[in-house]
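Presented as structure tokens, the chain that follows is alone, the form predicted on its own.
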């Protein structure tokens, strides 16, 4: 932990503002008479080593560093505050964008020594799931590929500074926004993350979550068959699901079922089912049985893992299920031959857990 950093919700102010444009940098280096290997030094320092400012790229001569930082920035986001959970297993960042909009992103310690980044893809969210704080803002705008990738670079730089030796093990597109409603930018960011010449993260170390955007699922199967797909389902009754997830009116369960059947046929990959459990609403044994029956109607049980996410408190009028209900639900799924895990809530004390990101 760096000097001046405190836990339990204390604020840290860091000053970065930036944007990375390799084509423009390449042209500028050429016009400045610099050798071609300079561009590779920059890309390796940024994408592989997590440099967030040109001053950190010591492979470049100091005069060149001084000249290039006057023209370019690396990050497309500016951190406002960084909050670390009391347990030290989650860090939430609030970031300003160029137009003074704000997003949030979270660094999660899911495995010892390895962290995952929960990235946002939109400012706010148009889907407005009733239990999610993000949707209360509505949609302000989509993020650019640079703004998405900058979240990765920022957190890589953060680990380098404050937790040396620890690494980013994965990226989950589960922050603010519906990724498939910003498909083009998400796709470009995925190409940067997986490009061996840039970040080089393995496809299977990345997950993209959707609430059931059917055209996006179909495109994703063709474009990124090795990247993990997660579907936020929450209910398998159309009336209840439309209440919880309004987009279900446009893409109801029968359409999602067909899209998932085609996805599994095309990719032969497992689908992760996200299930936010709300006390007294979708946490009964009958809900568990209906969920299992619905999944079996789509594909064999081996193609699904259900991630049970007990509701994290927001300003909505819902309550978390009891531990007993969560355990009974999970055990019944397992008894019915459906793989299930209960998602550990990380960062709830800093409003960084699933459903709590608001970007206020």
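Positions refer to the first chain, counted from 1. This structure is a prediction, so every number in the text was calculated from the model and none was measured.
The same protein has a further form, the form predicted in complex with S-adenosyl-L-homocysteine (SAH), not shown here; the description that follows concerns it.
Interface membership of residue 314, defined by any non-hydrogen atom within 4.5 Å of S-adenosyl-L-homocysteine (SAH) in the model of the complex, is confirmed. Of the heavy atoms in residue 210, some are within 4.5 Å of S-adenosyl-L-homocysteine (SAH) in the model of the complex. In the model of the complex, at least one heavy atom of residue 274 sits within 4.5 Å of a heavy atom of S-adenosyl-L-homocysteine (SAH). Although the partner is absent from this view, residue 321 stays clear of S-adenosyl-L-homocysteine (SAH) in the model of the complex, with no non-hydrogen atom inside 4.5 angstroms. If you check S-adenosyl-L-homocysteine (SAH) in the model of the complex, you find a heavy atom from every one of 132, 173 and 177 within 4.5 Å. With S-adenosyl-L-homocysteine (SAH) omitted here, the record of contacts in the model of the complex names 305-313 of 61-69, 305-313, 45-53, 32-40, defined by a heavy atom within 4.5 Å. Checked against S-adenosyl-L-homocysteine (SAH) in the model of the complex, the residues 189, 248, 232, 151 give one hit for a heavy atom within 4.5 Å, which is 232.
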